[in-house]
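The form predicted on its own is given below as one chain in structure tokens.
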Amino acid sequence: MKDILRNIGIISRALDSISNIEFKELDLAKGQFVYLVRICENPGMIQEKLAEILKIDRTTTARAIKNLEKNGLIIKKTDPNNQKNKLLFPTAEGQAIYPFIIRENEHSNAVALQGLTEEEIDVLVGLLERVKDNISHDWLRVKKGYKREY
């Protein structure tokens, strides 16, 4: 079997490293840009949904949200339908840096896809979606306590 996860991991770590360097001037700590982007794209979501979308544990998500809130990039509002839930919203400052983060993402996509034809890109996108779905299903089962058999 071919080991694609090493290459996916290398790509992910390289892009995270680049983003962390480029977003340092925005006072975004390591990896926080991912949370801010999802909150800007889904204003009013709850923390648990954010953790699920990103496939990140609740503790790490809570820490990132706390930092984003402390830095004035997001705010929490109590859900009028469920007082236990806190809805997450970007502040004006968070919304203002969102376009910069998206431009960086678009640039990274362009660099990553250099030399590929539109057809190759379409195939790659489709295959990565399938891989993501496979891993997401496995992630959910493990989170629910199921043991994987190797």
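Don't overthink the numbering: it's just position in the shown sequence, from 1. If you're wondering where the values come from, they're calculated on a predicted model, not measured in any experiment. Between two forms, the rigid core is the largest collection of C-alphas that superpose within 1.5 Å.
Heads up, the form predicted together with the DNA isn't pictured, but that's what we're talking about next.
Out of the listed residues L113, I46, V37, I53, I46 is the one that sits within 4.5 Å of the DNA in the predicted complex by at least one heavy atom. Contact annotation: R103 falls outside 4.5 Å of the DNA in the predicted complex, judged by heavy atom distances. By the criterion of a heavy atom within 4.5 Å, H107 is excluded from the residues contacting the DNA in the predicted complex. Shown alone here, T117 lies farther than 4.5 Å from the DNA in the predicted complex, counting heavy atoms only. Interface residue remark: D57 is counted as part of the site for the DNA in the predicted complex, having a heavy atom within 4.5 Å. Applying a 4.5 Å heavy atom cutoff to the DNA in the predicted complex picks out K76, N82, Q83, K84, N85, K86 from 74-88, in order along the sequence. Once both forms are fitted on their core, the CA shift for R6 between this form and the one not shown remains under 2 Å.
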